[in-house]
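Okay, here we've got a single chain as structure tokens, the form predicted on its own, with questions on binding and movement later.
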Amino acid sequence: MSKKIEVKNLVKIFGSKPKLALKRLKDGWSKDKILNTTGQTVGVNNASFSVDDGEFFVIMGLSGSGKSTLIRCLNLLNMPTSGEVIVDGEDIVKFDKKQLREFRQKKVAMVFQNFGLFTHRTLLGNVEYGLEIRNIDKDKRQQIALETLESVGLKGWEYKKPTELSGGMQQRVGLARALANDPDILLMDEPFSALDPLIRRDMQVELLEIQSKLKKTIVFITHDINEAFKLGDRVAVMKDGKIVQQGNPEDILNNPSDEYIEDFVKSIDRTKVIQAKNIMRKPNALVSMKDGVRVAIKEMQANDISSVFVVGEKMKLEGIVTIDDCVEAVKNKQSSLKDLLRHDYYKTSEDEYIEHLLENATKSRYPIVVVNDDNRLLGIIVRTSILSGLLPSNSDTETISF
């Protein structure tokens, strides 16, 4: 995938003497020593990362880690002290006022924690505001605003005022306002942190659904590690203005780079982070609908299993057959698998989280089967796979049982 954003050696220092502080930083002084000696605050310290086109990239850290400062450098609400912010091959730090205004209006949009809605405007008026300042024709901008409100589940609320909405609905308006300009890049600064847990979870699911359709490049800020790992294709963890580790959630969870990251991931609910695709495996055996009962029996005997999944063309899942049914069929001189197919197993998508698989895993006689939208078999999940997903890579799976 092509790189949409490249951040190189980014530094942001607050205070009246940033050049002095920058020199001290390059000399190896700590953030605290620079503050105590010069009075300057290091917000971001030599951060480097890239975001692919269409990627959901999450930056997380505790309060004061520099994550919000960093995201504001990506649209120059914070002007970097040094370093590069390259978007589509151009260093936006070098943009003049006209280029920056066009960049903010057309290429990037931001969603804030505090919603930032105009209370005197209707939802429609709020969403079309960005199009209005771009001098888009009134009929066209209203049509875009109506379609965008519908896309975030607010059809029928167009002429309500923000004060008439719940917090979750207000945040949807903020998201719709950002999406209405059809930006390539969406910057989201802790947008769900003010919401109660239930609404927050709903908004996370909603955002993932929107992203699956629109494929925007998203940079998302959060202090919640469960939220970060649930949403992010990749995650960068910050401390004291530095990025201390970045990678996909599973890598960070299983291979923390230092004690700070280890402490972070200890509190994570792995059932809400690990997905089916992370723990599924290819089945030891499969049979085709074209195969007969005797072939199915041989396949089960060879792999020491008592059931086997049956697939058709292009690996489309047809069902499962058991050793008992197949043996009985041989006695009755049946050769076709079609009449022996069972469907009393559980299916899931590759993006489903372990938390939603646990109950079915305890009830099912068979492995959970992972399929795509076309019912093509991608893999299977057995109970031991779920156990291994629940535990850190160096843990003993025998300490947990169903």
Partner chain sequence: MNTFPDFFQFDPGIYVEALVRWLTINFQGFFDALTTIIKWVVFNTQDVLTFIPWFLFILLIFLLGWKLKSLKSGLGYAVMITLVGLIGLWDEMIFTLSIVITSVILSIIIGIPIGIYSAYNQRLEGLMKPLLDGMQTMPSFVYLIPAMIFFGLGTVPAVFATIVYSTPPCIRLTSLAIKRVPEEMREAAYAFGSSRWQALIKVELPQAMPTIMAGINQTTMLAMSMVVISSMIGAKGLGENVLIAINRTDIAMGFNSGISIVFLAIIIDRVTQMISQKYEHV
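Quantities reported herein were computed from a predicted structural model and do not represent experimental measurements. Numbering follows the first chain given and starts at 1.
The form predicted together with its partner chain exists for this protein as well; it is not shown, and the discussion that follows is about that form.
Contact check for Arg270: no non-hydrogen atom falls within 4.5 Å of its partner chain in the predicted bound form. Its partner chain in the predicted bound form is approached by Asn114, whose closest heavy atom lies within 4.5 angstroms of it. In the predicted bound form, Gly130 approaches its partner chain with a heavy atom inside 4.5 Å. Taking the partner from elsewhere, Thr163 is found to have a heavy atom lying within 4.5 Å of its partner chain in the predicted bound form. A heavy atom within 4.5 Å of its partner chain in the predicted bound form is found for exactly one of Asn75, Gln275, Gln246, Thr81: Asn75.
Put simply, of Met203, Val108, Val310, Ala329 only one has a heavy atom within 4.5 Å of its partner chain in the predicted bound form, and it is Val108. Residues placing heavy atoms within 4.5 Å of its partner chain in the predicted bound form fall in a single listed stretch, namely 119 to 127, out of 119 to 127, 293 to 301, 194 to 202, 217 to 225.
Using a 4.5 Å cut-off to its partner chain in the predicted bound form, not one of Lys8, Lys239 and Lys242 places a heavy atom inside that distance.
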